[in-house]
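Form predicted on its own, single chain, as structure tokens, below.
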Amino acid sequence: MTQREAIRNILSDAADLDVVYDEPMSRHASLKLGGKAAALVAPHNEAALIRVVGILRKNGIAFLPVGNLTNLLVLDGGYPGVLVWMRTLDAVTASEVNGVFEISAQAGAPLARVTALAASRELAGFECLAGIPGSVGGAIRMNAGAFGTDMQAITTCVELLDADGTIKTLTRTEIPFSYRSCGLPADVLITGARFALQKGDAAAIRAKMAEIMKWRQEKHPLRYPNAGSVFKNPPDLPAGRLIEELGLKGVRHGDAQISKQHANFIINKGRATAADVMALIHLVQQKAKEEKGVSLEPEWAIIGEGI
């Protein structure tokens, strides 16, 4: 029995799940390319999430939680495990207790929904994250940030499903946040988070969000499928500027291209493959090492098998 057949067998009786098998990631990923996942599983609720993760762990099946499928590249040979799609675990609520304002969000909630709720409640603190694609869980996992702030700065606690199947809550001080990482082990699954915000001026909040969104539209190649910034910034120079100095802006491999608009983006001009994208990633890394002595590390999760 192959692993893909085993996955079908163990998921056949699982309750409260939407499951599709051999699903091309080109249908869902923001890059509009990528191989097939053996299974794409969307739990209906947290109880179903706990059950299916327990089943997968018990049977030794590799899995990865995913949100909006941004910052993700699935290689052309596909992912032989299960992608646990958190999109249905997307509740977002705002509360006030004794003058303390907080937003709670499940891991599958889009960041856009959180920023919109904060603006509607006149709560400041999320503006700089406006326009960042992806979900709360992914943003926590990679400590997403922009304009001098990040998830660490506003997170009060994170709820997670531990390797032993227990739901736990960690405060911010218990989470080893660093640049573009939350430091949590790979086998820990983030299920939600709470964020501390301040009461602000509605017009000022919306104006700042609009300014940031305009900046993103002007600077980022949003007309084409992409997965956000490809590389983490090295300590002394933004990755985009470094790639531009290497003369690689606009370089193509097949239908994948290093954006002419922002060199730290790789865009899909139409029919790019994951192999095309990886060729550009390797080219940039090689040139950066040879000419600048810099080791560039991808921000994306790159998973699956080559062909």
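Residue numbers here begin at 1 and follow the sequence given. Every value quoted in this text rests on a predicted model; they were computed, and no experiment measured them.
Unshown form predicted in complex with a small molecule; subsequent notes refer to it.
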### Message
Under a 4.5 Å heavy atom criterion, is residue 81 part of the interface with the small molecule in the predicted complex?
### Response
no
### Query
Counting only non-hydrogen atoms and a 4.5 angstroms cut-off, does residue 125 reach the small molecule in the predicted complex?
no
### Query
Does any heavy atom of residue 200 come within 4.5 Å of a heavy atom of the small molecule in the predicted complex?
no
### Message
So in the predicted complex, is the small molecule close enough to residue 74 to count as touching (4.5 Å, heavy atoms)?
### Response
no
#### Entry: Of 172, 194, 208, 180, the one that lies within 4.5 Å of the small molecule in the predicted complex (heavy atoms)
180
### Message
Just to be sure I understand the contacts: of 118, 190, 154, 105, which is the one whose heavy atoms reach within 4.5 angstroms of the small molecule in the predicted complex?
### Response
190
### Task
Please determine, with the chain shown alone, which of 200-208, 224-232, 91-99, 162-170 has non-hydrogen atoms within 4.5 Å of the small molecule in the predicted complex.
224-232
